[in-house]
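The chain that follows stands alone, in the form predicted on its own, written as structure tokens.
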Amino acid sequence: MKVMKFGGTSVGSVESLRNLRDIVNSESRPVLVVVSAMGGFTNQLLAMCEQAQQRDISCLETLEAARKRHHDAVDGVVVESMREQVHATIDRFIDESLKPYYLALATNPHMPADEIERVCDAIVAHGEILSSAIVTGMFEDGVPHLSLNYMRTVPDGSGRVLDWEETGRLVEADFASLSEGGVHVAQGFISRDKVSGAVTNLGRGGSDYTAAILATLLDAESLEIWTDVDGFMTADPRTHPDATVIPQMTYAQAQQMCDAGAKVIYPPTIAPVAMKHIPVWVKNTFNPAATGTVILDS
């Protein structure tokens, strides 16, 4: 079994979603697909939080445009037998969850700061939930998983860290059906607090980390990070046109490049898979024939 993570640009349009479908369909089953929110949607959700806090309900107009974007994607890629169900899922999350959250922010000027943070964390989780509903519906053998059911975090200073023991126990139970085959689909980024159950997240870029966590806990044969570049490059191709793809790197080399600012992989992604010696491939959703970069022990 391999874990395949697709970022925001990879799920951001009907064209890219069709590429994703072709890439996954070229694999033997089972596979575990981890998805980000549609490209730009997380930023939209956060911007709408700011608008709502300023009593600007024009955020609801933006939400309707986002609804249309997701419905258009459903019509373009979801298998016909699943379309009605996925359309209904999108509407339910928007009408019964996102709208009430935004209205609560807009109509309660005395909401405590910690409650605002909790509401905004819950709002931003919807990006991955909606995109994963679409991706699951693209496959006749799609199997949905909800990351909020098994990813657990605990406070750590001013931030949060993964509770590996609790997450491992829950992942083992939630993915017990993996051996039966199919395309299993999960959301990146989102999680819950181990004690309170409040929605939390693994940080911007955390979908890569989610995929690495699942690959590690499920002893995957490999982890593939599908993005919009051909792999790690010798230099930034925007400023160095002669930059070339680095075909193979060690975990340490990849970690150094990530820590130095290379935005190919979210930095915390490397450590868990390195401990299990799981190969990591960085590949381009828009150029799947490219060799990409593989990250190994040596």
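Sequential numbering from 1, following the sequence displayed. Given the structure is predicted, the values throughout are model-derived calculations rather than measurements.
The form predicted together with ligand ADP exists for this protein as well; it is not shown, and the discussion that follows is about that form.
For ligand ADP in the predicted complex, the listed stretch (24-32, 51-59, 262-270, 66-74) containing residues with heavy atoms inside 4.5 Å is 262-270. Within this chain, Thr136 is remote from the site of ligand ADP in the predicted complex, having no heavy atom within 4.5 Å.
Ligand ADP is not drawn, but in the predicted complex it has a heavy atom within 4.5 Å of Met233.
Remark: Thr200 does not count among the residues lining ligand ADP in the predicted complex, judged by a heavy atom distance of 4.5 Å or less. Among heavy atoms of Thr9, some come within 4.5 Å of ligand ADP in the predicted complex. Within 4.5 Å of ligand ADP in the predicted complex, a heavy atom is found for all three of Lys5, Trp226 and Met257.
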